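Shown below, as C-alpha cells, is a lone chain in the form predicted on its own; questions about how it binds or moves come after it.
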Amino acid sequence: MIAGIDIGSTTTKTVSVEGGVLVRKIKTRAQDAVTSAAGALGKLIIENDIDISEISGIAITGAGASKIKNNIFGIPTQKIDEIKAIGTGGLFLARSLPGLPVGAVPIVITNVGTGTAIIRAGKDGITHLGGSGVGGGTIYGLAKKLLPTADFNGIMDLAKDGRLDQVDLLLEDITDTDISFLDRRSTAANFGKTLDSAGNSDIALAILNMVYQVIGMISVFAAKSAGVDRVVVTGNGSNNPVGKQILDVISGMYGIGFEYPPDAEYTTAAGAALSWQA
C-alpha cells in the first residue's frame, strides 16, 4: 500500500492507493507541515484499522512537503513535484468522466486550492500552463475582512440570498444593448458599483463571483490554447456549489465545459501516491 499526502497551506489530504485504485481518503487541518503529515497519516491508519506495516511507502507533495526532511514513522518517504501530482491525479480521476477521451487527447486541469494552478496533461507529458493567486484563499481573506464569517458554510449560506447588482457593475448599468456574446446582466466590473444598500449576502455572492469568474476565464483561455473544449476541475474549490453555477454560466458563453470527477479534492494526494517509484 502506498499513502499519498498532499500537505496544503490550509488542509492536508491523505489517500491510500492499492493496485492503482484509490481506496481510502481523509482530510485534516494543522498549523505546521510536520504535524499535518504525521496527523493525517495517523488518522488514516487509526480510522481504517490499518497495520502500519502494510504501508510500504509514503509520497508527499504540496506546499508543506519541503518541510519534511526525513522518513515519516520510519516508512520510506518520497517528495513528489506538485505539478506532476496534479497532472497524474487529474488524469487518473478523469477516467471516470463519461465521454472524456482521457489518453487520446490531452486534458486541461484547473486545480482550485488556496490559489489556482492550471495543468495540461496527456500521453506527451504534464505541463504547468500557469494559474492565478486567486482561489480559496482569496475567498477566505476577503470574507474575514468584509463579512461576519469566514467559515465556508457561513459564506455559502449568505451568498444564496445575495444580489450581484448591489455590488458588481453590470453591463445594463452602462449600456442599453448587449455587447458581443455578453448579455446586459453580465459583470462589467467586479465590485464596481457596491451600493450603500449592499448587505452581507450581496458581498458574499460578489466575492465568490469574482473569484470563480477569474478561475473560469483563465481556464477558458487555457483550454482554447490547448485545443480542447472541456476543463477538469479539481481541488477543494471543485466542491463549491455557487462556484459551479458561476462556471456553468461561463461554460454557456464560451462553449467550454467544466467537469468535476469524483473525489476531485483528493487529486493531488492521489497523484502523489500514483507517482511513487519503488
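For every residue, the number given is its place in the sequence shown, counted from 1. In this text, all values refer to a predicted model and were calculated from it rather than measured experimentally.
The discussion below concerns the form predicted together with a small molecule, not included here.
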| property | result |
| --- | --- |
| Stretch from 109-117, 172-180, 186-194, 199-207 whose residues place a heavy atom within 4.5 Å of the small molecule in the predicted bound form | 109-117 |
| Heavy atom within 4.5 Å of the small molecule in the predicted bound form - the one residue of A159, I139, I80, L93 that qualifies | I139 |
| Interface membership of G235, the small molecule in the predicted bound form, 4.5 Å heavy atom rule | yes |
| Touches the small molecule in the predicted bound form: Q245 (any heavy atom, 4.5 Å) | no |
| Residue contact check: N240 to the small molecule in the predicted bound form, 4.5 Å heavy atom | yes |
| Contact flag, F152 vs the small molecule in the predicted bound form, heavy atom cut 4.5 Å | yes |
